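So this first bit is one chain, no partners, the form predicted alone, shown in structure tokens.
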């Protein structure tokens, strides 16, 4: 069964246009929408929830056409950045309010046992507490209990971790993922954080300027971005302008600032002229000059270390190869190689990890 179907959805808010969105969400699936600020992620969620009336298109939730229905009749659970709790109500009252609202929409619907919900989410001891005194984790559990109390057909989550520190974000991400899987939720989760995609999603949609520019499994989208804009949004650090020199079967020769890259291309693909070479930093290995042996299908680029940026277990190494090239290495490997600013190094990139895009 399809949990959500969006077909040709468009609207205009001031100068911003949400343009012709079409996608589906399967039952029990979590689709993560990744995009920068201003891409239209929140506007899309708010439109699906019923807060904006689209100029064109249809929205079906659980097979029901809800395009013209008010928010309270759409049966969605909406979690926002601050979790949207009512500060003048206690934890129990926040949860009970959602249950009563659902009963008001559907006459005869049984109100869930609020005490049982609070126990399920581990917040029974906070029954009479105000949201103002809750920790971020307690606020999220309260918001989830409130959403579950309304028995939604679809969960909509609008960057609920964006205002949290790293430790709290990691803890709540794990907890949220566990909850969504336990209740077999169908959910649309918007974010600008790559970690959310891998931790929560079944599929990912890349959003830019009010449009979805790529949608697919996490592996295929992150490994094979559809264009340069998608590659940038997906966090590919090395996007290099180059010129196709020759092509031999499935192997392409590309010159970037005097250096030569070899890349594999799909059958039937014809690329000529200017292109963009995309390489993930984690796919760049380093060796000291004159050391290491290259596999037949490795690109080897001589360079000089210009910066080291320790990031805990990983270190970002920036090279000057006639162009800026970023590698992401284990910190212990950087120490073993004896890398330092000014040191000569060779970047080793497997041909299979070089992706060629339109410029």
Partner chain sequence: MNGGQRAWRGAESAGFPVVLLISWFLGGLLLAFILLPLIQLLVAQTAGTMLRVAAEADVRNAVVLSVGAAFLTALVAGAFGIPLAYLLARGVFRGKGMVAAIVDIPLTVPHTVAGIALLMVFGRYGVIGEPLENYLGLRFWGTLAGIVVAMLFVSVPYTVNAARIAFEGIDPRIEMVARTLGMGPLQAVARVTLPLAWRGIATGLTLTFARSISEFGAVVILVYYPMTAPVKIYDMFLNYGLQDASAAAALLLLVSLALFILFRHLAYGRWPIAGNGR
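Computed from a predicted structure; not experimentally measured. Positions refer to the first chain, counted from 1.
There is another form of this protein, the form predicted together with its partner chain, and it is not shown here; the text below is about that form.
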Of the candidate stretches 196 to 204, 178 to 186, 86 to 94, 255 to 263, the one with residues having heavy atoms within 4.5 Å of its partner chain in the model of the complex is 86 to 94
231, 243 and 302 each touching its partner chain in the model of the complex (heavy atom, 4.5 Å): no
Contact with its partner chain in the model of the complex, heavy atom within 4.5 Å, among 162, 82, 217, 226 goes to 82
The one option of 42, 67, 315, 318 with any heavy atom within 4.5 Å of its partner chain in the model of the complex is 42
Please tell me whether any heavy atom belonging to residue 141 falls inside 4.5 Å of a heavy atom of its partner chain, as the geometry stands in the model of the complex. no
Margin query: Quick check on residue 209: any heavy atom within 4.5 Å of its partner chain in the model of the complex?
Written below: no
Exercise. May I ask you to check whether residue 71 falls inside a 4.5 Å heavy atom distance of its partner chain in the model of the complex?
Key: yes
| request: Give a yes or no for residue 49: in the model of the complex, does one of its heavy atoms lie within 4.5 Å of a heavy atom belonging to its partner chain? | output: yes
Taking its partner chain in the model of the complex and a 4.5 Å non-hydrogen atom cutoff, the residues of 142 to 180 making contact are 146, 147, 150, 158
